[in-house]
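This document starts with one chain, in the form predicted on its own, laid out as structure tokens.
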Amino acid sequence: MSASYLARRAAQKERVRILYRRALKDTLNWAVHRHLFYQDASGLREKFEANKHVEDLDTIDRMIADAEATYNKWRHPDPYIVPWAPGGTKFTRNPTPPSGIEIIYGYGREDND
């Protein structure tokens, strides 16, 4: 086996791994209950396992491109975002004030000296 074959095969494995993880995470967006997610995740795994035996590099590239197109077509339009993650509802809700700004807590109170 040549180095170019091994490099291309490693790149394909990486693309398949990334595609599977993205599809699995997106399955959580479509499943309302956890038991539904488990069924969908099993079906997704079966689809990936069904093509595990393919060895032709060009066929694998074509199958990956088709799977990525299918994933992009069926991606959830409003994915769940963890509230404290970027894009979440709590992300930077109470940001720290910029440096140089002094917060005066006793504003408006008279000194009784």
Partner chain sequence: MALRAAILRHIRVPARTLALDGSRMQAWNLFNSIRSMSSHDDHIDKAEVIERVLSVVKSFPKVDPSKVTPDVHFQKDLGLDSLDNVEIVMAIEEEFKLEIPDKEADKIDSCKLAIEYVYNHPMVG
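Numbering follows the first chain given and starts at 1. Predicted model, so just to flag it, every value in this text is computed and none were measured.
Another form exists, predicted together with its partner chain; not displayed. Remarks below refer to it.
- Annotation: in the predicted bound form, residues Y5, A65 and K73 none come within 4.5 Å of its partner chain through any heavy atom.
- Taking the partner from the other structure, its partner chain in the predicted bound form has a heavy atom within 4.5 Å of a heavy atom of R34.
- In the predicted bound form, its partner chain lies within 4.5 Å of some heavy atom of A85.
- Put simply, L28 is close to its partner chain in the predicted bound form: some heavy atom of it is within 4.5 Å.
- Mapping the unseen interface onto this chain, R9 falls outside it, with no heavy atom inside 4.5 Å of its partner chain in the predicted bound form.
- Interface residues of 34-57, taken as those with a heavy atom within 4.5 Å of its partner chain in the predicted bound form (partner not displayed): R34, R45, F48, E49, K52, in sequence order.
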